[in-house]
Ligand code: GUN
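Taking the form predicted alone, here's one chain by itself in structure tokens.
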Amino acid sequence: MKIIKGRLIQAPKLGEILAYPNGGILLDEDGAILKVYETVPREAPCEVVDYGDRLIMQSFADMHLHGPQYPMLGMGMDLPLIEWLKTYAFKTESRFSDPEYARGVYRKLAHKLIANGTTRIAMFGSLHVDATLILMEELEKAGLTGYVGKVNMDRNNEPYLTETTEESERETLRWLDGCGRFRYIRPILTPRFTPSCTNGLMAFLGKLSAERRLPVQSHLSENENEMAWVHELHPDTTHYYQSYQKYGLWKKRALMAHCVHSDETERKAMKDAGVYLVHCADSNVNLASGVCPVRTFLNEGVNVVLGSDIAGGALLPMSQNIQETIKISKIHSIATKGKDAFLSVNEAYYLATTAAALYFEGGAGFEEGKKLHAIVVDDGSFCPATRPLSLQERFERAIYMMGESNIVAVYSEGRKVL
């Protein structure tokens, strides 16, 4: 057993921050939390790892990102979604037919995620099985936990990046056969989005999800042109979500990214089914998709988590995505003349940490019995303040100012990985 000690900060509830200036966390030999101390006793019962004046905070979760788009980060930001996919994303993803190329990119991505304090992920791979297994391997080696999906796409794609329905089904089964060796990175079924998948493939994935109890991730109501396209392909539907629902892919814990234009009916369907909104503030604006009314989703009882959505999003660090989430919510609040209150720092931090941890059956904040996911932040290099700051103020400052160099230790699933 050991205690890690420092300026402890956690977000057990939406909007609530608990800050302990002399706090600590007692861990068992497997990295599970035995006790949270508001004040560490002078006579500690075991070894104390003392981080002094540094902040011990919950680590981040990125619940929607595209691994093979990492090489094109920051490119094509002036294009709308469909044009951006054809001009940049599909061409970049086609490179991952080369396992050696995939290995180099994915190793860098995995270490960059840990360096920026992200320990949990839900990630899209490409349609290539071997590259997707390499992605899972590199993420696990680096210390991350979560889900990765082999992308399915058998129609309306570029000739150099597409599958036949039979190939997609066969390769999905081959990929699942290869996932058994991983302990911390698990498979998630990943139809790219409705326009990329035939009805037969969607039916296959829905049946597979039910038979093997596999979660699902995809995109929903991101762009108005995309939504019109879905209606053309599925004229029997009135809402985008029904194109997933009728094949068994609209289910509890399904992760649906964006939902910028989800109306009241679609939001209610999300709440009723237990489907999660993965809010990707940076991407929604970069690709001119729109502004997602996150406060409305929260008020209506929909589960909300955050994603970077690289490379539609140009920001990999989740601390920066928290900032974007707050800024975009302020823009929405201004546009609605305050009808929807903007998200506070405390609330956005919760969405990037505890909300996602609960998806993985982790803890609300630093919860006893759960494995530790934490970062240690050295804020001593920030510009000196004109007066002593409260721990809440230091926390807020860290969200806006931290970089890789400030994150001096990372714990994932109880393991110290940085």
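Being a predicted model, the structure only gives us computed values, none of them experimental. All residue numbers are counted from 1 along the displayed sequence.
Form predicted together with the ligand: not shown, discussed below.
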property	result
Distance check, Ser283 to the ligand in the predicted bound form, heavy atom within 4.5 Å	yes
Contact test in the predicted bound form: His66 vs the ligand, heavy atoms, 4.5 Å	yes
Distance check, Phe193 to the ligand in the predicted bound form, heavy atom within 4.5 Å	yes
Trp84: touches the ligand in the predicted bound form, heavy atom cutoff 4.5 angstroms	yes
One stretch from 160 to 168, 111 to 119, 84 to 92, 332 to 340 that, in the predicted bound form, holds residues within 4.5 Å of the ligand by heavy atom	84 to 92
Proximity to the ligand in the predicted bound form, single hit among Leu127, Leu249, Leu135, Leu287 (heavy atom within 4.5 Å)	Leu287
Heavy atom contacts to the ligand in the predicted bound form at 4.5 Å, residues of 289 to 311 in sequence order	Asp309
